[in-house]
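A lone chain, given as structure tokens: the form predicted alone.
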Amino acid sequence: MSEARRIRLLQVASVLAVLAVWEASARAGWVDPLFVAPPSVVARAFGAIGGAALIALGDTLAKTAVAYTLAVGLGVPAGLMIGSVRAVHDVVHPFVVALYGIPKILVLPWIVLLLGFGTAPAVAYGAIHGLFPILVLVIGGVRDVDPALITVARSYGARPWQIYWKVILPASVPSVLASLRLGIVFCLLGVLIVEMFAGVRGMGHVLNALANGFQAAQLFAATALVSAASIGFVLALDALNEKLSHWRG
């Protein structure tokens, strides 16, 4: 048996073991089924939440896609510029770090005040929530490029754009991909937060309604749907990372 196959089997076995312990604990009465439904009940709850949950998830993912596009479109180019231009880095980076350290939930009331309820505040807050992790990681990735590589490229007569394309970008790809993986999760989280507290539709609104109604099984099922979508995004970006590995090599 190959090592990769053995790892996959161990991963599957670990998940099944957790589900089995969870099921046994619920059946034995060790946990309150009002708050922790057994996996078998959660599985049946998928049918109960049905198409409505999938429609809500689609609405949430659409908002997340827009927010993520904005965060990446602003964060990656800005991070590359701030990280590669020393004068800009020295002036701007302290402000980036300060803004990154501010809890983003403090901005939410202002966004709701300006944009109201619905799609616009969810997209705006999701973009802000994902922007700063992307920005900080990209800046760090560019600043961590080995100066010797740039020196060697210059010694061979490389022009600034060639240094950027042949040295800085390939060397910073791991940090950029890491920022993209983190950014998608933060954007999704930001959209869900707004849907929970200032939205009229979407998966966050569904989760909030299920929690307030003490519908534990349906809540677990809806949470599983969101988690599966998030994991799928991260795995897709990991696959992209593998495809780009030959370029930075």
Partner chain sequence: MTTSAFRLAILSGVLALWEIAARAGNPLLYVPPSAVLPSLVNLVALRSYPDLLEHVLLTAREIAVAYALAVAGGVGVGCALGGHRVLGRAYAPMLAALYAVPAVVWYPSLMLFFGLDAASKIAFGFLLGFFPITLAVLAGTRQVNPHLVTVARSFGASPLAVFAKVLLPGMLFTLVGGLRTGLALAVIGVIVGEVLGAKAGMGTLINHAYGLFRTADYVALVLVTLVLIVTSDVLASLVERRARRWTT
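Residue numbers count along the first chain shown, from 1. Basically, rigid core = biggest C-alpha set you can superpose within 1.5 Å across the two forms. Source: prediction; values computed, not measured.
One more form of this protein should be noted, the form predicted together with the partner chain, which is absent from this view; the next part is about it.
When the partner chain is considered in the predicted complex, Thr69 lies well away from it, no heavy atom lying within 4.5 Å. Taking non-hydrogen atoms only, Val107 approaches the partner chain to within 4.5 angstroms in the predicted complex. Taking the partner from the other structure, the partner chain in the predicted complex has no heavy atom within 4.5 Å of any heavy atom of Ser25. Contact check for Asp90: a non-hydrogen atom falls within 4.5 Å of the partner chain in the predicted complex. The contact with the partner chain in the predicted complex, taken as any heavy atom within 4.5 Å, belongs to Ala216 out of Ile49, Ala56, Ala216, Leu180. Although the partner chain is not shown here, in the predicted complex the stretch 202 to 232 places heavy atoms of Leu207, Asn208, Ala211, Asn212, Phe214, Ala216, Leu219, Phe220, Thr223, Val226, Ser227, Ser230, Ile231 within 4.5 Å of it, in sequence order. The rigid-core alignment places the CA of Leu225 less than 2 Å apart between this form and the one not shown. Shown in the overlay between this form and the one not shown, fitted on the rigid core, is a CA shift at Leu19 of 2 Å or greater.
Comparing the forms between this form and the one not shown, the C-alpha position of Val31 differs by 2 angstroms or more, with the core used for superposition.
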